[in-house]
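Heads up, the chain below is alone and in the form predicted on its own; it's given as structure tokens.
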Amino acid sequence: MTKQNRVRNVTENPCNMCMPMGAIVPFKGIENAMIIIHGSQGCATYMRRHMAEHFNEPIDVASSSITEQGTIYGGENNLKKGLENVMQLYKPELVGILSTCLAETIGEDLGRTASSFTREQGEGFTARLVPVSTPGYGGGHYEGYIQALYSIVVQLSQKTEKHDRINVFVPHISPADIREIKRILELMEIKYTLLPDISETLDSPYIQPYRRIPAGGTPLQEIEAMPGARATIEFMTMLEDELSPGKYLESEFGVPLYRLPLPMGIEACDELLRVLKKLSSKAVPEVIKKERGRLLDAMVDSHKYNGAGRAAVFAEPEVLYGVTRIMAENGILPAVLATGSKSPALKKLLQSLTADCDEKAIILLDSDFVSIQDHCANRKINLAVGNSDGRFISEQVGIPLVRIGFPIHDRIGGQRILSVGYNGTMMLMDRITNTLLAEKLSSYRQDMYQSLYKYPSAAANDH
């Protein structure tokens, strides 16, 4: 049995992280919010460190610090003491309470504990508590993000008078991406409530004195008023209805829903602008038209190089779909497409998108990097696009990696990577094309010297 065809019944180096890791992000995108993780101290420490290395920002996450005693007799008292400390130290308006494998396994009821704690604090207690079930064995960080986002909307939304704002729900993308989406909305003169808004909270300017909770994020009052919005845009095309905050607002409060792909690639960006024109009754500003024109010009410039690209892409579902769209529009073969999620809707979308490609794409759900690496070798991949966890493929197989998504630990600036909108699409495409060019130009002379002059590799490099 060859390495590429071996049967594996284990996960090695998974293409995702644990569920509460993803659930932290939506709460970090709410104004004056804090998070406490109900579990062992190590869980919170691991997540703080992991996120701090990506965002290059201090990441405060509290812990209930369940020990052996709490594991046996229950951790409710630990959680309540932890909540008291959070209130005294941070004075938040909202606290997200996330469970872990340990808390779920011993049967902790976060909702009951949160209600009990609120009653015990008395009438003067005004902070909102949002418990979310996020055991590590319940899914990866993508599922945790979605579960937290949905729980926030369901638990905080209140029936309210109709207003002229539009709800905008975004998947796990960079602060730079969110700033770009906000810029487009503002150029179209649309009033919006975007959730979660990590554009400032996880990419804040340097300030003194230090603030425990960074400024920025979606105001709590705007989240509560989401049922009164005149429409919702949800950049998550593959969500199941039972976990869609947009679908919840539509079914419970009658808010019209527009479910769109991330605006990555010219077709997806055009689709967003068509919806914004309809909602705003405004013409597309000249500045955006020029950005579209520059993207078209960039596509003309790069297409003659991209035909040599055979790519592997690994990312969270929405980002994976967006990068694949860019490749399909620009002549790069998306040969191996992988995610740590189990999304069945994603597979159908990717199959439809790559149906006209010269070769059938390998689509891997709930995948790990060992499987991805095996398929890369089998399909003669010469380009990888994904997060830093794929650097082992680069090191072991020699495939260059264009970094995007979460986490990015071996480079600075993961929080500033822009890949949405016409501008972001052009920037990502340039990075991909330049990587292909760099690989070509670093090898073809060596091959030529070896074939014509019989130089060994070291001599060829010297020349």
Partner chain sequence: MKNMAMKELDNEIIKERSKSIRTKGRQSQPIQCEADSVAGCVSQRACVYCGARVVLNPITDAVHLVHGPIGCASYTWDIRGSLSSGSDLYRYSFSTDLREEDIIFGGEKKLARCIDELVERYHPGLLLVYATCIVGVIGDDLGAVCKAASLRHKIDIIPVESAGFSGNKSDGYRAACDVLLRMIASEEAVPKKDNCLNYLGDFNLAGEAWIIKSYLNEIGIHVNVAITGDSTYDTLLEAPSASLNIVQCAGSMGYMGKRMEQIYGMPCMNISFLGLEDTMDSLRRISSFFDNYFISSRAEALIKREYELYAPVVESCRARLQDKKAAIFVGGGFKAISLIKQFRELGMEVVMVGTQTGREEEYDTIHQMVTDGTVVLDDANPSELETFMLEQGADLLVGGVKERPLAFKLGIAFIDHNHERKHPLSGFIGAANFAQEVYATVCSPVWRYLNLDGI
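Positions refer to the first chain, counted from 1. Please read all numbers here as calculations on a predicted model, not as lab measurements.
Beyond what is shown, the protein has a form predicted in complex with the partner chain; the following relates to that form.
*residue 227 near the partner chain in the predicted bound form, any heavy atom under 4.5 Å?*
No, residue 227 is distant from the partner.
*Find out whether any non-hydrogen atom of residue 244 is located within 4.5 angstroms of the partner chain in the predicted bound form, and reply yes or no.*
Looking in the predicted bound form, residue contacts with the partner chain do not include residue 244, since no heavy atom lies within 4.5 Å.
*asked:* Taking the partner chain as it sits in the predicted bound form, is residue 261 near enough to touch it, meaning that at least one heavy atom pair lies within 4.5 angstroms?
replied: Judged by the heavy-atom cut-off of 4.5 Å, residue 261 is well away from the partner chain in the predicted bound form.
*With a 4.5 Å heavy atom cut-off, would you call residue 431 a contact of the partner chain in the predicted bound form?*
It does not: once the partner chain is placed as it appears in the predicted bound form, residue 431 has no heavy atom within 4.5 Å of it.
*Answer yes or no: in the predicted bound form, does the partner chain come within 4.5 Å of a heavy atom in every one of 116, 175 and 253?*
The answer is no; none of 116, 175 and 253 reaches the partner chain.
_If the cut-off is 4.5 angstroms on heavy atoms, which of these, 298, 106, 187, 156, is the one near the partner chain in the predicted bound form?_
By the 4.5 Å criterion, the partner-contacting residue is 106.
*Heavy atom within 4.5 Å of the partner chain in the predicted bound form: which of 165, 379, 342, 179?*
Here the answer is residue option 342.
*Looking at 44 to 52, 423 to 431, 25 to 33, 397 to 405, which lies within 4.5 angstroms of the partner chain in the predicted bound form, counting heavy atoms?*
It is the stretch 44 to 52.
*Check each residue of 86 to 109 against the partner chain in the predicted bound form and list those with a heavy atom within 4.5 Å, in sequence order.*
Counting only heavy atoms within 4.5 Å of the partner chain in the predicted bound form, the contacting residues of 86 to 109 are 86, 88, 89, 90, 91, 101, 102, 105, 106.
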